[in-house]
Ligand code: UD1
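This document opens with one chain alone, in structure tokens, the form predicted on its own.
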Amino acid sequence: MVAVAILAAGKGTRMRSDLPKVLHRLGGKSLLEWVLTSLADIQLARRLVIVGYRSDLVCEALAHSVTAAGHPPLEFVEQTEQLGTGHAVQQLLPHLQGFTGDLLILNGDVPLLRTATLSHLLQIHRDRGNPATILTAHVPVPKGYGRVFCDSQNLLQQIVEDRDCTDAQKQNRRINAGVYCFHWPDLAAVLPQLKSENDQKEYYLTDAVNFLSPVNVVDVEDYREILGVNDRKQLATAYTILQTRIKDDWMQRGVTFIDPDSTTIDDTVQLETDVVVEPQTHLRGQTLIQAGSRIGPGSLIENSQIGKNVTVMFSVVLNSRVADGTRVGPYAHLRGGVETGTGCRIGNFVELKNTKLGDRTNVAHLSYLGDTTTGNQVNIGAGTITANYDGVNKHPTILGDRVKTGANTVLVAPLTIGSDVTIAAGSAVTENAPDDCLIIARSRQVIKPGWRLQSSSAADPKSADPK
């Protein structure tokens, strides 16, 4: 039986933000959500989050998080004063009374831990049956970190802070990762013994480790997993590592990234085989891109579903659905629940908002359709717009099958146009129309020969005086 406690009470002063550090975003999730994600495949009896600074925001943010299937709900434990990691874990004493299992302790600002690493730590802890097991890492530059020393059996001998290390001890590159697994009854017995006799006047969890024996040491394979985030630069470093991890995984599954370094992708995005992602493309949120589609260059797709064999070039697609075989762009903008049929063409400088296009419909260039529904095989001429807003309310426009609008057509909503209708160029359409008709809604052209504006010099002889 395993419980987990996540330390998430700190402000994160070096982030220079009013937002709690653990809520800063990293590739579509907060730091704290990444920690919870790493626990998704581990069976847990309890999930506790120790909160403090702006705890209301932390609790509210996690209330909207998806709870992994089979996991217990989150329990929030308040740490009103932030007096160190040991003090944070002391707050669990009344909440875990009678609990006899193991407690895994994680930090809410360490987002890159893999599930496999935590599973391995727990397995070693169970197999050895020790009161405590700690995760360690070999880092290239250990300066500033406490060094971990152990014997040939990987049993802890001592943890020495960097400032207290001798020159010989400083050569040791094994550091404490700040991830622990304790047998809770053993830890609960020593927590009241912690003291704040240090420069920071804080209670350290590492002191609890010193009271317990034997303590096993487990090294993480990739030290980058245990990198914490304390400032914006470290946040950017973590993002780079995460992006490499995500894109490497997709490339192994049959997705092509033409220039991986110039593209970004959230962990929540789903890609199918033979998708090609061009340079300077960014994929966000709950996005699905199906097989054979080509996205980019220079495109943003967010919370959208892209069908098979779709191309999206230099365009933005937000909260929309693009069906198979559709071409989007360059420089198109789809937003607010757009849905296209199959084989559509949405071209240069076209904006669609809350619009549904039928199959094989073309909106080729320089047009805006808002709150519009079209039938199949509709052709929208250049410069066609729907005037869907009257200053108070939005109104719909409905176009039947095979409607053709001429260039610079204005469709003034609310409006319903039947099937097989042609609208003459330059028309401002304000009335509904039946099937199979031609709409001409413009003034007759008038030509006045010999017409020109009289110049000021012709009107006032004095103005033409060369003097």
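Computed from a predicted model, the values in this text were never measured in an experiment. Here, rigid core means the biggest group of C-alpha atoms that superpose within 1.5 Å across both forms. Numbering starts at 1 and follows the sequence shown.
The same protein also has a form predicted together with the named molecule, omitted here; what follows describes it.
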{"query": "Interface residue in the predicted bound form among Asp248, Asp390, Glu161, Asp151, criterion: non-hydrogen atom within 4.5 angstroms of the named molecule", "finding": "Glu161"}
{"query": "Single option in Asn348, Thr268, Thr206, Asn309 placed near the named molecule in the predicted bound form, where near means a heavy atom within 4.5 Å", "finding": "Thr206"}
{"query": "Options 214-222, 171-179, 118-126, 293-301; stretch whose heavy atom lies within 4.5 Å of the named molecule in the predicted bound form", "finding": "171-179"}
{"query": "In the predicted bound form, Asn230 touching the named molecule (heavy atom, 4.5 Å)", "finding": "yes"}
{"query": "Gly146, heavy atom within 4.5 angstroms of the named molecule in the predicted bound form", "finding": "yes"}
{"query": "Contact test in the predicted bound form: Gln82 vs the named molecule, heavy atoms, 4.5 Å", "finding": "yes"}
{"query": "4.5 Å heavy atom contact, Ala88 to the named molecule in the predicted bound form", "finding": "yes"}
{"query": "Within 4.5 Å of the named molecule in the predicted bound form: residues from 103-119 (heavy atom criterion)", "finding": "Asn107, Gly108, Asp109, Val110"}
{"query": "Yes/no, Arg345 Cα shift of 2 Å or more between this form and the one not shown with rigid core fixed", "finding": "no"}
{"query": "After fitting the core, His183 CA displacement of 2 Å or more between this form and the one not shown", "finding": "no"}
{"query": "Core superposition between this form and the one not shown, C-alpha change of Cys165 at least 2 Å", "finding": "yes"}
